[in-house]
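The chain that follows stands alone, in the form predicted alone, written as structure tokens.
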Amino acid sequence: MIELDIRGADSKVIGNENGLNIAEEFENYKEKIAQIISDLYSKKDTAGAGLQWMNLGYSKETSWYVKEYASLIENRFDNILVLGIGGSALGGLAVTHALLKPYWNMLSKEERNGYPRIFFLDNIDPDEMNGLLNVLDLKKTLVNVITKSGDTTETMAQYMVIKDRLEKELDDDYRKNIIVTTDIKTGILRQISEQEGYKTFVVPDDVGGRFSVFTAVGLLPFTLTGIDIDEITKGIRDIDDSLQNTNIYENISAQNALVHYLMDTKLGKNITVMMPYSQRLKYIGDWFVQLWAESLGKNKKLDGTELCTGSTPVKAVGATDQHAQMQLFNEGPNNKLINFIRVGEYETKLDIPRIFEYTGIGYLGGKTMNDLINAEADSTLASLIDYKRPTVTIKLPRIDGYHIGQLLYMLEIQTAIAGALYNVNTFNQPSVELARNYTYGLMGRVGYEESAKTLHKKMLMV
């Protein structure tokens, strides 16, 4: 199992001004935490509660469908191209980067065991998109269009460009190169898919985009690239037993949620940094940023009280950001909680040769890169303690599907508990919708003329 070490946030380690008396706070909040966990799990099957993502580790139907499809198209495509933005792409990017061999897209087909390359277009920058389309052979590319609503502006614009190019290259056969993941009943993309005859997969009801990584949104691209999704879902099920435990002393999601909440509301540590010591876990930070920010950044509590809440997530990577952000983390404003992710056993070992022994770098010879990155992580933690900066550490025994499933699900449950502590609606994103409406108006979508007029007036004021 993954583990959590919160000692670096304790006042015994970093002092009363910057740390929490964790034993005391656990006692103070144990009943409230127990109620929150009980409520979450009792409502996970309630329609409209936004909690269906809590059942995904137990859903065999989706796994069966994606495996069946993967077997049907085996060896037909050299590339997978995922069109999506936000939750439609970040989870897939995070997991494939973690679990596929490093530099996957640069490996030969034999080195990839016959599985395709995978690319994510999660932005609409024209230079980036043109650059990718200029190097991809679209005839040998399977395009996975992902949007639950079915009308996400960015994704649908990408789809329109690529559908046009595929049709010109493949005539009527272009439909075999497009698959869709969207709502089961509604939305423009659902209508288009039925008209075009695309193979479709479903984003279930009551699963928001940022919680959708274990739906077909993630499981389909994982399976197509040879990732064992059964290992991922087993990890989720195995950790779920402990995460539904109402005893805060035995529930790591509850512990980390409470530490984050109190660091923000009690000690003013309103920035949370996600810093894995593994390049393979780099995009876990990107995925977490959306999960945390979009879930907790709200200007109203559930009781209608207007009060801006939520801590700001920041991504970092060790050891890279020791040379970029650590100066700020150590000596800048003491308003951050640093989340380390440590890996117990890296998949490979890299020896540092015994050369330059009589110079200032000779001490490195005979060690390994594994030794060095672990020493860097230990030293960074020690320096943060010296500067009285709070930290928590999540420990993965190794990077594999089983533990990645546990890590992401643990962070999802942590976010849900934190949202309940803040007393906000964790599962909506009203300000995102407002910006979308302005975009619709600017781009001339019928019905959004007033949004365009309002925006033009506002822009004159800037």
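Counting begins at 1, following the sequence as shown. This is a predicted model, so every value here is computed, not measured.
Absent from the display: the form predicted in complex with a small molecule. The rest refers to it.
Trainee: Looking at G310, G86, G318, G187, which has any heavy atom no more than 4.5 Å from the small molecule in the predicted complex?
Mentor: It is G86 that has a heavy atom within 4.5 Å of the partner.
Trainee: Could you tell me which one of S278, S193, Q290, T223 places a heavy atom within 4.5 Å of the small molecule in the predicted complex?
Mentor: Checked against the cut-off, the match is Q290.
Trainee: Please tell me whether any heavy atom belonging to G209 falls inside 4.5 Å of a heavy atom of the small molecule, as the geometry stands in the predicted complex.
Mentor: Heavy-atom contact with the small molecule at 4.5 Å: present for G209.
Trainee: At the 4.5 Å heavy atom threshold, is H260 in contact with the small molecule in the predicted complex?
Mentor: No, H260 is distant from the partner.
Trainee: Is H403 part of the interface with the small molecule in the predicted complex - any heavy atom within 4.5 Å?
Mentor: No - in the predicted complex, heavy atoms of H403 and the small molecule never come within 4.5 Å of each other.
Trainee: Spell out, yes or no, whether the shortest heavy atom distance between E294 and the small molecule in the predicted complex is within 4.5 Å.
Mentor: Judged by the heavy-atom cut-off of 4.5 Å, E294 is in contact with the small molecule in the predicted complex.
Trainee: Taking 4.5 angstroms as the heavy atom distance cut-off, pick the stretch from 265-273, 337-345, 69-77, 140-148 that is near the small molecule in the predicted complex.
Mentor: Selected range: 140-148.
Trainee: Look at the candidate spot formed by T152, Q429 and R436 and say whether the small molecule comes within 4.5 Å of a heavy atom in all three of them in the predicted complex.
Mentor: Each of the three qualifies.
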